[in-house]
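A single chain, nothing else alongside it, follows as structure tokens in the form predicted alone.
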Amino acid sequence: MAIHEKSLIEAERLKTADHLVIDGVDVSGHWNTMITPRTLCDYDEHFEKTIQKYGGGENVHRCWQCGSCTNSCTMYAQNVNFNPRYWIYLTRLGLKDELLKDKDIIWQCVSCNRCTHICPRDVRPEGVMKALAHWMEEEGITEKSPATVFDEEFWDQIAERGRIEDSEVLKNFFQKTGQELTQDWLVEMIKRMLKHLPFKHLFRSGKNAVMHPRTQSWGRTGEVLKQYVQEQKEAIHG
């Protein structure tokens, strides 16, 4: 199904004569606007299958371009260039170069899931947006989002120890994303913890942050989990 939305036509392809009279009829301005044709042949026929390998993108092949996702989209109401229907269309055709023209806004999906709830084909457009964003991060097309940095820090601790230490996750996340450790809300939270939490709990938390304990008998389990995750990554890129 073709896409004919005006917002998707590049300005350089719109040709308009400011002053034009044809057979005595004045068609100056937008009345004579013409769209110059183009041919797209640089496509990746396997791209749809690539996106299907990412969590959330499994059902992208079901889309029949009804437009319900874009029509209900919270972000589209703020920015008409945020167009899930169009990006799914490009994904199915394998037009990666066209898709990457919008690489700076695809990640802005707020996961309200209005598109997913209204989709008649269970495409789960919100998941497709996330799959596209993760694909671009892994390909080095865009920088890792703060959410991805946090997920990686969380996973690293789980894989290594079978548990996390909240303070260490937060500290490492702030460092990796270039944020100050002395943020007002964090300082206030620590003050309240020192004031209200039992000393035994505070002592244990401080000790764990320094000693980095592991879940009992985690060694083999951790190795199996790491191997599984690696196999999943290879399945995506293989």
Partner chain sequence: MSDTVLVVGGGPAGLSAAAGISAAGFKAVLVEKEDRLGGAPILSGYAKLVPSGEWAKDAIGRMVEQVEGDANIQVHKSTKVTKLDGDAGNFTATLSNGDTVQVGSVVLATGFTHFDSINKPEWGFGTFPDVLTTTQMEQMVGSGKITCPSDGRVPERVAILLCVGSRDRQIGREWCSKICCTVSANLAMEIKELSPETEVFIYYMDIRTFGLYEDKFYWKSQEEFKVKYVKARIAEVTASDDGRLLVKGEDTLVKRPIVIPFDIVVHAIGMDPNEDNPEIAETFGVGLEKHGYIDKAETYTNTCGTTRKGIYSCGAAYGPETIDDSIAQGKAAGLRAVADLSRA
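Residue numbers count along the first chain shown, from 1. If you superpose the two forms and keep the largest set of C-alpha atoms that fall within 1.5 Å, you have the rigid core. Bear in mind that the values here come from a model prediction, so they are computed numbers and not experimental data.
Just so it is clear, the following notes concern the form predicted together with the partner chain, a form of the same protein that is not shown.
S.K.: Would you check, heavy atoms only and a 4.5 Å threshold, whether Lys103 touches the partner chain in the model of the complex?
M.R.: Because no heavy atom of Lys103 falls inside 4.5 Å of the partner chain in the model of the complex, the answer is no.
S.K.: Can you tell me if Ala147 lies within 4.5 angstroms of the partner chain in the model of the complex, counting non-hydrogen atoms only?
M.R.: Looking in the model of the complex, residue contacts with the partner chain do not include Ala147, since no heavy atom lies within 4.5 Å.
S.K.: Just to confirm, Gly67 within 4.5 Å of the partner chain in the model of the complex by heavy atoms?
M.R.: Gly67: contacts the partner chain in the model of the complex.
S.K.: Would Gln108 show up as a contact with the partner chain in the model of the complex if we use heavy atoms at 4.5 Å?
M.R.: Judged by the heavy-atom cut-off of 4.5 Å, Gln108 is well away from the partner chain in the model of the complex.
S.K.: Which of 180-188, 200-208, 56-64, 167-175 has heavy atoms within 4.5 Å of the partner chain in the model of the complex?
M.R.: It is the stretch 56-64.
S.K.: Which residue, Ile141, Ile158, Cys112, Val80, is the contact with the partner chain in the model of the complex, using a 4.5 Å heavy atom cutoff?
M.R.: Partner contact (heavy atom, 4.5 Å) among the options: Val80.
S.K.: Could you pull out the residues of 113-142 that have any heavy atom within 4.5 Å of the partner chain in the model of the complex?
M.R.: Heavy-atom contacts to the partner chain in the model of the complex: Thr116, His117, Ile118, Cys119, Pro120, Arg121, Asp122.
S.K.: Note yes or no: does the Cα of Arg121 move by 2 Å or more between this form and the one not shown after the core is superposed?
M.R.: Comparing forms between this form and the one not shown, the Arg121 CA shifts at least 2 Å.
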